[in-house]
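What follows is one chain in structure tokens, specifically the form predicted alone.
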């Protein structure tokens, strides 16, 4: 028994640092930032909201040229019109989001301490519709991303500041963190492989962007999405694409898996500002 007790005591000593690190988001955030500061020492912290355009000069020049006539501009206008269109009961999205014109996207995702779950902006938009007797919108693309595009535009320049208020929220954060670092699919790749380990490297003809600032510019217009729609897509649509690329089964949009991943990733971008909607290749 004494031998077993000694072994268990030793294991506790060995495991304690790992457990401490696993439940310390503030330290995770410092380590995350330091990783990119080390990998890209010439890139200012604030510039990581521009994704791959922060780390590749040639790509940035093409992007800046495209931004003179941004392809997402029409969807901002559509989103504003949709936001202000009354529901059948005479109310509108403004009744659910009274501070939308001042910018609200920086408040999402957040952990609802009553419901004990992470609430995303797309989820809140559909809940607003349901509460007013309207059918929910399809997630990931189309009308819901147009509304989100306008809301994102009104929040440009607002600082990301995701909070983890209690132990229940920490569980969601940890779930997202685990998802980010877990390898999956036939290609056995993790989010961290592409967007930390190999960020800045070529994959076929594309340069892999950093995860730091990844959530800041969504919803996003992507040229390779135009074949199956209007080109606008949400962060969860991008998660779907990543799963497909590594030949892994995708999760439903707004599933707990994707919401926890968004929660973790957005926390990792705390201190940066929003610049959505964005445009990417």
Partner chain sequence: MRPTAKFVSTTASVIAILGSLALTLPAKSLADEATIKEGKEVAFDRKKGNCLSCHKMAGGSLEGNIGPELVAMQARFPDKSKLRDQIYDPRTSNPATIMPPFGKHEILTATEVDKVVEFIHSL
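Numbering follows the first chain given and starts at 1. Every value quoted in this text rests on a predicted model; they were computed, and no experiment measured them.
The same protein also has a form predicted together with its partner chain, omitted here; what follows describes it.
Residue 185 belongs to the set of residues with a heavy atom inside 4.5 Å of its partner chain in the model of the complex.
Although the partner is absent here, residue 198 is a contact residue: one of its heavy atoms lies within 4.5 angstroms of its partner chain in the model of the complex. In the model of the complex, its partner chain sits within 4.5 Å of a heavy atom belonging to residue 193. In the model of the complex, its partner chain sits beyond 4.5 Å of every heavy atom of residue 100. Stretch 201-209 is the contacting one of 116-124, 201-209, 89-97, 155-163, since its residues have non-hydrogen atoms within 4.5 Å of its partner chain in the model of the complex.
Taking a 4.5 Å heavy atom cutoff to its partner chain in the model of the complex, the contact residue among 82, 128, 104, 189 is 189.
Along 239-275, one residue reaches a heavy atom to within 4.5 Å of its partner chain in the model of the complex: 247.
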